[in-house]
Structures are given as C-alpha cells and as structure tokens.
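Let's start with one chain on its own, the form predicted alone, as structure tokens.
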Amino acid sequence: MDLTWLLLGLALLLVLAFLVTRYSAWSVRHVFRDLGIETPPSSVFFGHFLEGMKYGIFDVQTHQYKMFKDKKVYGVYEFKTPMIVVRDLDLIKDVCVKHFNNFVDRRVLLNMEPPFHQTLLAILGDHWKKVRSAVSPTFSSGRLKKMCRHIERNAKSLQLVLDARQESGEEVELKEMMSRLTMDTIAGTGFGLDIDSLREPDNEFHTNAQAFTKPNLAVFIVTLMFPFLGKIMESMGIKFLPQKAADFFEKVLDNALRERRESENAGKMHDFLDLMLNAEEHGKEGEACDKHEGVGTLTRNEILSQALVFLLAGYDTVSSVLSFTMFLLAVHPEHQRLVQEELDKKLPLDDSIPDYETVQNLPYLDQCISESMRMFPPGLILDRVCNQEITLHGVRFPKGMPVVLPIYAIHMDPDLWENPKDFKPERFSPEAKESQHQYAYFPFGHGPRNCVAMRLAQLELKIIIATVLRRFDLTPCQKTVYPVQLSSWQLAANDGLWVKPERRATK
C-alpha cells in the first residue's frame, strides 16, 4: 500500500510539474517578439531541446547559426528558458570585455552538493571575484615553472609506455591514453600526488575521477525541465554527482590538506594545493564567503570546490586537445614533419624531456594546437547572464537574460575560416592572425572570466606533444577513421582516435 501511494504521489507530482511548466512556457513566448529578436521554430514545452536530441548539439548549433547569417543575435529556448545567442563578433567583445560588468555571472544550471558547491563556474558576483583573485596566482610564470616538474615526470612515463607499445606493434587509442596521462598530471600539479594511471588504470584516484565525469544526466535534464524538482530530488538522495566518488575526493582532499599543514614540506610542493593553503581562512566556516573580508582568503568548502573544478576542467579538456591534435598530425604527416623539424632544431640534442623554457619558442607547434582547438574546441559554448539591463549595437539585453556565445559554430563559419573542416595550421601564422578578427577564435574564452588555468593547459599540451613527436612518428592504422565523426552529445570521436607509434629513424 505504501508503495502504491508513493508511485501515485510521484505521478501526480509529475503531472503537476508538466502543467505548471507548460503554463510558464506559454508565458515567456512573447519575450523575443518584444525584443525584436528572431528565433527558429520551437516546441512550446521543449523549446529547441528536441531538435538537439534529434540532430546532436554540434549540427543544431551550426544549423541555427547559419539560419540567421545576417543577424547580430537570435533567440533559442532551453525548454521554457529564453536565451539570446550572439553571433556578431564585435558584440561578443562587448559582452566578454568592454561591458563585462553587465555580464559577470555564468548560468548556474545545477547546484552542486556541498562541499563542492562553490566552484568558480558556479559562484556569482563579488564572491566569484574574491575566489578568482585567490586562485589566479597559482598560474603565474614563476609557479608554472615550479609545477613543470610534475608534467615532465608524467611525460617521461608516457614516453616509456609508448616505447613498449611500439616494440609490441600495438595500436593506440589516443583519447583513452591521454585521459590517463592527464589524470596523472592533475594529481601531481594539483595535489602533489604521484599516481600512475598510465600503467595502473584501475587505481582508486582514476576510477573515481572517471565516475565524476559521468554524472547523472537524468537529474540534469529533469532539473532543466522542472527547476523546482531539483531540491526535491536532492532531499530524496537523487543527486547529480555520484555520491561514492564525491565522498572519496572529499576524504582525499581533506587528508591531503591536513598532511600538508603538518608537513615540513608545506608551501614547498609547488602545486595547486599549496596556494589554496596559503589562501585558507583560519576561521569559522563561511565567514569569509559571507562578508567577503580579506580578498585572497578561502574557506574549506571554497578550497574543496576549486580542487574539484581543477580536476574536472583539466581532465577532459586537456586530454581532448592532446588526442585530437596528435590525431590530426598523424593523418596529416606533412604537418607532423614540420613540427618535428622545429623540435629537432630548437630542442636539445640529448634525450631529455622538454621543460618550461624549451617549449616557449615553438611557433609551428603552437599553430597546430590552435588549429586543433578551432576544429574541436574543448568548450562548445560560453554563457553569461545579464545582471543589469543594457542595449548594445541596437540589441536590448534584459536583466536576468542568459546570453550564449556559440564557439563551435563560429569556429566552423566559412565566412571567417575558409574551408573550415580542413586542418590548416597556417591560419594561425603571425601574418594570418593579423587579418583575423580577435573574437573569431576563443577556445579558452575571453575577458576577465576566461579559463583561469589556460597557461597551465598550454604548457602541458606543448610538453606532452613535443615529448611524443621528437621520439615517434604517429601514423594511421587499420582502426583509423578520418574524417572524425563526433558523438551527438559530447566532444568525442564515435570511432575513437586510433594511431600507431613508430620510432623515428633519425632525430
């Protein structure tokens, strides 16, 4: 009987949610008409969500973008939520930089559970400014030089693993291998931990991190459809993040913080945790957050939240760029040879691993990485929320309106990039960049809210790729599929990114 009543109650709750959401969806249909903004045809209840389900997020974004070729902006509905999509590059500059104070915040689609609820991606206004100011010094030149040893150690491990694969004639799926490498590097640069996911992929740190990157999408979609159900599901123990993985990382980070405070090496490990400890607020939990006193001080929950975003943001994004860049070079050997010639000319003749100083002047490698990120940007979109009404270039942005910047569609716009599906690193030569619009390319974002760890990511990319290509030729194999067919819902190759490492005959 109890189960029957529970099921009946849930059914009634869903019916009520549907009716309330349908009514509220009708109530916002006039928004774009009042603003004078055009929008593609959409469902009253689902908005443009079903179109994304049917065709995939990449095709839908580019299709909608092309529909409004002569417009500065267009409108879309995420279920009942109206959003302004900006396609004009000068307007993007205004949103990201010139009028940043009107667009400081990002959308908070889902509230994370404590203690991971105060990440830079989720906090707003002055709270975001305080935490950002505390985190930014982590990625100064001086600290990156000291962090570099963790990247070099893992680059050497990768080299040895590829040696073994080459000797056995095995093929390599780049995304899987780069994901394990990136996890080892994050563990070192972030928390001073020495793990070896390359050789031991079933270690606890790696398996729990993988679980964290596979959250409960059903909770996410239901929350988008019925925002008020989010807290109800949370109270019932239905959570977005897997609880076991959340508990594991809370314990690992708390133990690392405690051991670091008690260790004579505190402040000497040169990692993300060191700076977080330096910025820790030794007071009552929440006091610094509420009063915003002493910019640069962080509470325990703020530290744990930034550690989580350091882990998640660095894991998938860097591994994706690494794998796509090396794959593109494997299927375009003429560009791979140019990178190798540059490495042979500018790196030491010995077999040492490239370091911070030696990768600073590798312009052609930089061009290849940039072109890879243009074709396969680690972020599909950027979003902001207008916190104070403003009119820019004749477009009115109401207070509270979400604003979307379609990175992928802009990067694949043939009016900005000739033959955008072709891999052409020369697009990013100094001469070519002079004729490009600065805001036609933004894989790390633009303005004060760009990727805080951008320089660390770029350093890791260059050291790893240089380590691999100065020793190996990456060649297509029987499993190689090109052009790449992307998954409908994430930046992943449906057929994998398979190559075969061959030891270079000469260096």
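Here the structure is a predicted model, which is why all the values come from computation and not from measurement. Quick note: we count residues from 1 along the sequence shown, nothing fancier.
There is another form of the same protein, the form predicted together with protoporphyrin IX containing FE; it is not shown, and what comes next is about it.
For the options K66, R471, K479, H446, the residue carrying a heavy atom within 4.5 angstroms of protoporphyrin IX containing FE in the model of the complex is H446. Proximity to protoporphyrin IX containing FE in the model of the complex, taken as a non-hydrogen atom within 4.5 angstroms, holds for one residue of L241, L162, V309, V76, which is V309.
For the chain shown alone, V60 is not a contact residue for protoporphyrin IX containing FE in the model of the complex, no non-hydrogen atom being within 4.5 angstroms.
Heavy atoms of Q367 never reach within 4.5 Å of protoporphyrin IX containing FE in the model of the complex, leaving it off the interface. Although the partner is absent here, L121 sits close enough that one of its heavy atoms falls within 4.5 Å of protoporphyrin IX containing FE in the model of the complex. Taking the partner from the other structure, protoporphyrin IX containing FE in the model of the complex has a heavy atom within 4.5 Å of a heavy atom of W128. Listed stretches are 164 to 172, 377 to 385, 355 to 363, 107 to 115; the contact stretch with protoporphyrin IX containing FE in the model of the complex is 377 to 385, by a heavy atom cutoff of 4.5 Å. Contacts of stretch 467 to 482 with protoporphyrin IX containing FE in the model of the complex, defined by any heavy atom lying within 4.5 Å, are made by none of its residues.
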